[in-house]
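Before any questions on binding or motion, here is one chain by itself as structure tokens, the form predicted alone.
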């Protein structure tokens, strides 16, 4: 390994983006540097202020994290304060065209939690403003990183990359970490470097925060997320109402999501049952973020590595969990092996490809889910099988229930969900219930 591609003492690392990926990379890299008795200097460039509510602190995310991730962070010495957790979730309600079904967590350790990624919705009370992203960024600073609010708008590639802001040189870095999302314009800088990087393909989404009041949220939603698998509006893949403090976060994923789509979903019978009329008719913030469908082409080069949604992330779910895995893999490669393109190819690319390959299973899982959403007989069979599993959950493993839980919460890899779906007994039950549904419709 050439010495110029080693992070020696006093090496300077620029992390562009202070969301979970950038903060976790900084934490891991600094911890690893201490393990090998090496001094490194990390600057996290993040212009958003996660202590402020509304758009200036918003990170365009539903804010769902798994208990598995909370435990993994705890092992790393990152203990999330209880005030950051808005709600603990141990069940969800699935709304379909053939009825609703209640699904409890298949195991106690598979609960999930909801958080505010930014400073929360506009006008949120001060005592509620506990940002998950802000917490992680503070952890990075406490570990030894510096936080700069400068917006980096250019990278000049030479012997070492030089970062610019407002036309001025800001920093010559030994390593640049692109920890940005697909909704940031930062990707243009990396595409312009000539390293072969290309932004992932994306799809549209919609996110808003609906204020209901703490007691109303508690009485209506309790500790359940409500998922919508309904055929109309037809461009919606699925939607979710996620309870938090005084608010409920509405997330819609699909194609060409617009305000008409949002209103159409909000006025479905299930949504009208859950949301008060004044909330349905009122004004609310509107956010139409993009979500990655694929991984980026070429996520690294000499002295450059890209993590976060604009690099390699999980399809639709568990983006924060993917940030944890990819940031740790990138930090391990940089600190223990080197920062050349070859180093990243050998020690970062395998983790990158694991996510890419798992997403292939994810596309199949969601294709099957879409079929069960749109075909009434299949929907009815799914609902009936899940209801029976929930009734017998103390006697036998609720296989289909667990697959749905893990699909919509991101608690498990898509590959493992796919493999569980090959169970012959489960398919016999689904075929039997489909036959019963078909008989009822024809009689």
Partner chain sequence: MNESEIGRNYKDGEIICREGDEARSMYVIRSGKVDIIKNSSAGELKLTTLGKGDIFGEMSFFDHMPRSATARAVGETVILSIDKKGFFAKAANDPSIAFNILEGMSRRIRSLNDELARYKKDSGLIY
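Positions refer to the first chain, counted from 1. Source: prediction; values computed, not measured.
Keep in mind the form predicted in complex with its partner chain is missing from the figure; the text below concerns it.
Here the chain stands by itself, but in the model of the complex one stretch of 137 to 145, 255 to 263, 74 to 82, 200 to 208, 74 to 82, has heavy atoms within 4.5 Å of its partner chain. Interface residue among 415, 52, 68, 399 relative to its partner chain in the model of the complex, by the heavy atom within 4.5 Å criterion: 68.
Residue-level contacts in the model of the complex: of 328, 160, 95, 356, one residue has a heavy atom within 4.5 Å of its partner chain, and it is 328.
In the model of the complex, residue 112 approaches its partner chain with a heavy atom inside 4.5 Å.
Using a 4.5 Å cutoff between non-hydrogen atoms, residue 375 does not count as a contact of its partner chain in the model of the complex. At least one heavy atom of residue 324 is located within 4.5 Å of its partner chain in the model of the complex. Within this chain, residue 86 lines the site of its partner chain in the model of the complex, having a heavy atom no more than 4.5 Å away. For the candidate spot formed by 35, 214 and 218, every residue has a non-hydrogen atom within 4.5 angstroms of its partner chain in the model of the complex.
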